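Given as structure tokens, the chain that follows is alone and in the form predicted on its own.
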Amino acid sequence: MEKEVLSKPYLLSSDDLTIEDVNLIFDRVKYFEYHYSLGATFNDLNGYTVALAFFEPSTRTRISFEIAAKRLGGNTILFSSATSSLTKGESLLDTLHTIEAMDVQIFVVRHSGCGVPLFLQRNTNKIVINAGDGKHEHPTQALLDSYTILKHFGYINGLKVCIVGDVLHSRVARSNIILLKKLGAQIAFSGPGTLIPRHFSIWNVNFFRTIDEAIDWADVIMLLRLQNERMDSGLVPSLSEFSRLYGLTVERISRKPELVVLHPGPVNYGIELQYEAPSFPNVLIQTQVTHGVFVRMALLSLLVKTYESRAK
């Protein structure tokens, strides 16, 4: 394939991506999907080491980045803050430079603090990828969500996507709003008023007070997990009340079987989604996970090409 490059040699926000960047990433995803199915091997990251610096728990994102890097011939190291010198008072910046001195060129960072990946990128000339920072953004999740929608429908422009649940605390929601609107989708929110950003009108999105109204309107429902670890108490009366008003049940899906359902995981079954719901073919949660590996392969491959082109 041609050595095409992205507009920036890092990914901190969905805003870093132009439409051309997204199309280039998705073309590269399709390339990897096809050739991997034929048993091909890849060396895009040969000689590169990826540091998986996850300061918050993660299963899907961390493992998919690790698999993606290894499929591309790269090396990975898992950095754990609990067993690092951060516990002895070493600063985050000193830790970055220590790992950088070991010839690590790519940093995949998840942190509870908003802006940490940006801070690190400003202090290194290596590649930094935001794998989720606080309540701010999670751009690779938005990429895999958009790719999943594109693969299902064949297009994104004009589709109606309603994000349901805890929008207030969701970095997934923020990245998806930016990226999906950039790709021409119509966006709406549905959830308790206490879990919707107070000034959401700045995004120019619709709002539905019930999930039933959202289902009637939407082509895609994107469910969000209730993030109890990020919220104060009292934002929802009870889990049963939230589930009754905003949970997606088999009965609700059955009324519109063509409805596509996404969820970034992990799923709180029995709260935002009924246990039996994934049996419906358009509930694409596991498809999102599968696409996540190929999307991150494409991103890593293109960021390395971009990094190398800037270094010449």
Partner chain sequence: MDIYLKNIRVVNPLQNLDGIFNILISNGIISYFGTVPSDSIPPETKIIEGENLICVPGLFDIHVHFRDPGQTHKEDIYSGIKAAANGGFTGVLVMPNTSPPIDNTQIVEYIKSKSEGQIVDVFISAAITKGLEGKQITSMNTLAKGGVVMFTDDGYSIVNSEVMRRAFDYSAPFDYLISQHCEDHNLTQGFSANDGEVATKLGLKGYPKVAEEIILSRDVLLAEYCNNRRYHAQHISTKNSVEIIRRAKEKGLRVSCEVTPHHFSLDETYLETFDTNYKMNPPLRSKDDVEGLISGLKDGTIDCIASDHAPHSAFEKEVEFEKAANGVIGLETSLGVTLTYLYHKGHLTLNQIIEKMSINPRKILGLDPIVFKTGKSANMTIFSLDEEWIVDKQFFKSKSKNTPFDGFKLKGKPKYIINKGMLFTSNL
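From a predicted model like this one, the values you see are computed outputs, not experimental measurements. Numbering follows the first chain given and starts at 1.
One more form of this protein, predicted together with its partner chain, exists but is not displayed; see below.
Asker: Answer with one of Phe119, Phe153, Trp217, Phe207: the residue that has a non-hydrogen atom within 4.5 Å of its partner chain in the predicted bound form.
Answerer: By the 4.5 Å heavy-atom cutoff, the listed residue in contact is Phe119.
Asker: Within 4.5 Å of its partner chain in the predicted bound form, heavy atoms considered, which of Leu239, Leu183, Leu92, Ala188?
Answerer: So the residue touching its partner chain in the predicted bound form, by this definition, is Leu92.
Asker: Can His111 be called a contact residue for its partner chain in the predicted bound form at 4.5 Å between heavy atoms?
Answerer: His111 belongs to the contact set for its partner chain.
Asker: Should Arg174 be counted as a contact of its partner chain in the predicted bound form, where contact means heavy atoms within 4.5 Å?
Answerer: Yes, Arg174 is a contact residue.
Asker: Would you classify Trp203 as touching its partner chain in the predicted bound form, given a 4.5 Å non-hydrogen atom cut-off?
Answerer: Residue-level check for Trp203: yes, a contact with its partner chain.
Asker: Decide whether Lys160 counts as a contact residue for its partner chain in the predicted bound form under a heavy atom distance cut-off of 4.5 Å.
Answerer: It does not: once its partner chain is placed as it appears in the predicted bound form, Lys160 has no heavy atom within 4.5 Å of it.
Asker: Among Gly115, His136 and His199, does every residue place a heavy atom within 4.5 Å of its partner chain in the predicted bound form?
Answerer: Yes: each residue has a heavy atom within 4.5 Å of the partner.
Asker: Within 4.5 Å of its partner chain in the predicted bound form, counting heavy atoms only, one of 208-216, 119-127, 102-110, 70-78 shows up; tell me which.
Answerer: So the stretch in question is 119-127.
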